[in-house]
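Take a look at this one chain, the form predicted on its own, written out in structure tokens.
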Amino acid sequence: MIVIDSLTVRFGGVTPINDMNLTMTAGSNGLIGPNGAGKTTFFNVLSGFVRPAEGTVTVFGDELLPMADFKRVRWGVRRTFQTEQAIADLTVYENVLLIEEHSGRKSSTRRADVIEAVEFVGLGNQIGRAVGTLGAAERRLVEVARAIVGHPRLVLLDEPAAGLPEDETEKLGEIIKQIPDRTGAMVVLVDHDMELVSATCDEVAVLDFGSVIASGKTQAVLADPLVMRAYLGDDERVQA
């Protein structure tokens, strides 16, 4: 369970997250909203890249924000980014190993952990290839493997399917759906592809102007008129 209480982030005169209150209980959770709603800022807070002005975040009963960023990795926070982070000249195995080495796991389990993560995303036959020689969809799978290696507790996926064709997005969705059962981790998915969110997330929350405007079961939230107005940007929303 993730409990966010009164979370506020300020950058000078800008407040990208404004008194965010939310509880996530499902294995897979969507976090959606228009561009600039505060979704990536929220991930940066959880990862330790941004220090909030106010608020707390409790995950599985542990207060996350007082932890140093490297301790969060050892605790079990993993994430992907909108831009690929894998090193093109290194192999798939080496790229995933880089993350596992910082997980705090015993060195005796590293090889097995890496192979398990790579095989889980379907790249077992590509494990020795340089990432730079892979196609776009395969490189995205490397990013997911890096996010689930070493028994994570919280996996943050920031637009993992951006730019992928529909068939590759569906394959990625099938993998994302399995993460909670296969790893025991909670997943928070940020994506603009509502079909992907619907297919992978039991619950979803919607951010708009840094505040939660709706949360709950995915289909009910996506049908909420307030959510649709937030995405359409109609006159009523602009005037609110």
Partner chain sequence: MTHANPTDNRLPSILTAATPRRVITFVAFVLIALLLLPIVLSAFWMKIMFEMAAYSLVTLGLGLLVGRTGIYSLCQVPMMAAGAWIALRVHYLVDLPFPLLLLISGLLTGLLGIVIGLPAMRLSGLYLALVTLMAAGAITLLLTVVKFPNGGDGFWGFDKLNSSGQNILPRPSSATSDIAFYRYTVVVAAIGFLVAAIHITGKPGRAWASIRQSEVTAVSAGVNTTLYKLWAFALSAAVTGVAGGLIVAGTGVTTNQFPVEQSITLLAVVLLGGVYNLWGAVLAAFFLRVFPQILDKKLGLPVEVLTMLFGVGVISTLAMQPKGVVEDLTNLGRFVGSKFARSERAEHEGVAT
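Quantities reported herein were computed from a predicted structural model and do not represent experimental measurements. Numbering follows the first chain given and starts at 1.
Below, we turn to the form predicted in complex with its partner chain, even though it does not appear here.
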item: Its partner chain in the predicted complex: contacted by all of A162, Q178 and L196, heavy atom 4.5 Å; value: no
item: Interface residue in the predicted complex among L134, L154, I99, L141, criterion: non-hydrogen atom within 4.5 angstroms of its partner chain; value: I99
item: 4.5 angstroms heavy atom contact with its partner chain in the predicted complex for E119; value: yes
item: Distance check, D167 to its partner chain in the predicted complex, heavy atom within 4.5 Å; value: no
item: Its partner chain contact in the predicted complex: F81, any heavy atom under 4.5 Å; value: yes
item: Partner contact for E63 in the predicted complex: its partner chain, 4.5 angstroms, heavy atom; value: no
item: Listed range touching its partner chain, judged in the predicted complex by heavy atoms within 4.5 Å, from 206-214, 35-43, 184-192, 63-71; value: 63-71
item: Residues within stretch 59-96 having a non-hydrogen atom within 4.5 Å of its partner chain in the predicted complex; value: D69, F70, V73, F81, E84, Q85, A86, I87, A88, D89, L90, T91, Y93, E94
